[in-house]
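Next up: a single chain in structure tokens, the form predicted alone.
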């Protein structure tokens, strides 16, 4: 009879052996996951950048919501190349030249007390708590004249913060479009912020009253066509009162003195 090579003192099903195997498997998996994260990071960042460009172009009405090319067949990168990305001081309205616009994140900056300001309850109509000192703005010029201006916007809805972009025509008063790339609103109700038909209602809306103050209002019943109030109105979202108010508040905030108001006024003067 052949002699067994098994160690009679070794219990392969013992707790020690089971833990060693489990730890070994965890280590191998960790190495695989870490390696994959490093290898895939450039691809992930490229996809994030592409998604951001798409959202900016769609808000500006330069890219259909269901397409990756425009009517002329130009790619997202080709269309976006017409935009100039600038950092701006929200308090003064001036351009900031010592900020790397390719890596700067306004939302991350808003969480840093050294790079942002706390808002009072009266100021914080968008319910964002803190506002970054420096943000980004996207400018498109045609023959040297402003054609489109896009600003990032955010504010609290019903279930969370909506993140998006608001676009202006070259007059810096007429809205070219509004789109959100992230929200937690209820599908079929507040989630209708994604509805192309509702988003189309923003085109041509006047953002400011005759005194230059934010005047956009989301209403259940529109004013008579041709009346001054009608120029500032957008249909409310049916059955989504809090989301509707949240959208109205965030648009008013970011077009006002605490948001991009000073920047837009400066652009009207300097172009």
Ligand SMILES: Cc1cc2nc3c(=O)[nH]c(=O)nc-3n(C[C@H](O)[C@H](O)[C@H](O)COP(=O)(O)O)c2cc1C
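Positions refer to the first chain, counted from 1. Every value quoted in this text rests on a predicted model; they were computed, and no experiment measured them.
Note that the form predicted together with the ligand isn't included here; everything after this is about it.
- Residues of just one listed stretch (64-72, 203-211, 232-240, 47-55) have heavy atoms within 4.5 Å of the ligand in the model of the complex: 232-240.
- The shortest heavy atom separation between residue 95 and the ligand in the model of the complex exceeds 4.5 Å.
- Taking the partner from elsewhere, residue 158 is found to have a heavy atom lying within 4.5 Å of the ligand in the model of the complex.
- Residue 189 belongs to the set of residues with a heavy atom inside 4.5 Å of the ligand in the model of the complex.
- Using a 4.5 angstroms threshold between heavy atoms, residue 132 stays clear of the ligand in the model of the complex.
- Applying a 4.5 Å heavy atom cutoff to the ligand in the model of the complex picks out no residue from 69-104.
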